[in-house]
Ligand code: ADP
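Quick setup: one chain, the form predicted on its own, written in structure tokens, and binding and motion questions come after.
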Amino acid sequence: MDKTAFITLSNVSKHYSIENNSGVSNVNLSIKKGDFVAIVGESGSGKSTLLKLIFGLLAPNTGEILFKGAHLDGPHEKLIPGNDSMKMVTQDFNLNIYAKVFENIASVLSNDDVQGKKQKTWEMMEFLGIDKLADKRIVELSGGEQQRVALARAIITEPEVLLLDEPFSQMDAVLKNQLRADLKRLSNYLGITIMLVSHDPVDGLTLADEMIILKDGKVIESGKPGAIYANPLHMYTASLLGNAFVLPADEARNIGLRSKKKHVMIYPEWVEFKNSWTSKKYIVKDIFFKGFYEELLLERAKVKIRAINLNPGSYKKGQGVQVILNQFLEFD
């Protein structure tokens, strides 16, 4: 076990019952201080369980968790479960819904320096853009606004680790992008270690220094987001991260792709529209407008693939187009 890492999990397993396989199995991780880590997977993959283990709300059935080289106490070892150097923001926010925003945030600070407490609270609200909500009660706020209050309440005590359980689950696209930017600023400004769990791979790809892919309670791969995206080790990862399409090897041969393995995977952006002697003709079966680009469903020899078109309106359904498949990955 690496005792020099900031957070280390060694062969950690947690299952809620013998009959139920939910939880996590044989997890080995090493988290560096100051990293932004995203744990990504489908619902039920064990993401929240893993976060609660790291915080100390759950104790592993087997294995051990170290924090700064020392054993991390579980709920059976502490009167109040949870590590004192960490803060966790869950989906229920744990706010006093009838108290004002300012009171919710300031209440976690000591009264030893009342003026300093007031100033620090205002600074934190300004940093997260909720200072105008100071006199509003939590019950009057939207889900996104409550999320920011919960975040301010968590980080105002300057924890060493911030744990976020699906922080964007109650937000629309605009608020989600704003909070993503805020979290990146927090990470850079405060230098704290942030661990986020999400079912949305975009959160990991846009925010994380390190990304962990969970499937059925097991870590199937981890590393830099760019490296995992470009060269996923598993078909599941490719499908999760990049809306990749996967073809059985025999179907892939129908469109000129030869593979010695059982499956071929292609990201839509690897499909290039090009009229040349090496290109092949496909028929545009459908067009999905995405704003500044379109996603096209193409078909050749009864095999369907998807492609990105950066010039919306340039193709029509039923039209023939010439395509080159620049690259593909092979999986068993």
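Worth saying up front: this structure is predicted, and the values here are computed from it rather than measured. Counting begins at 1, following the sequence as shown.
Absent from the display: the form predicted together with adenosine-5'-diphosphate (ADP). The rest refers to it.
- Contact check for Asn275: every heavy atom lies farther than 4.5 Å from adenosine-5'-diphosphate (ADP) in the model of the complex.
- adenosine-5'-diphosphate (ADP) is not shown here, and in the model of the complex it never comes within 4.5 Å of any heavy atom of Thr62.
- adenosine-5'-diphosphate (ADP) is not shown here, but in the model of the complex it comes within 4.5 Å of a heavy atom of Ser48.
- Taking the partner from the other structure, adenosine-5'-diphosphate (ADP) in the model of the complex has no heavy atom within 4.5 Å of any heavy atom of Ser13.
- Here the chain stands alone, but in the model of the complex its contact with adenosine-5'-diphosphate (ADP), taken as any heavy atom within 4.5 Å, falls in 37-45 among 37-45, 292-300, 259-267, 279-287.
- With contact defined as any non-hydrogen atom lying within 4.5 angstroms of adenosine-5'-diphosphate (ADP) in the model of the complex, the stretch 192-221 contains no contacting residue.
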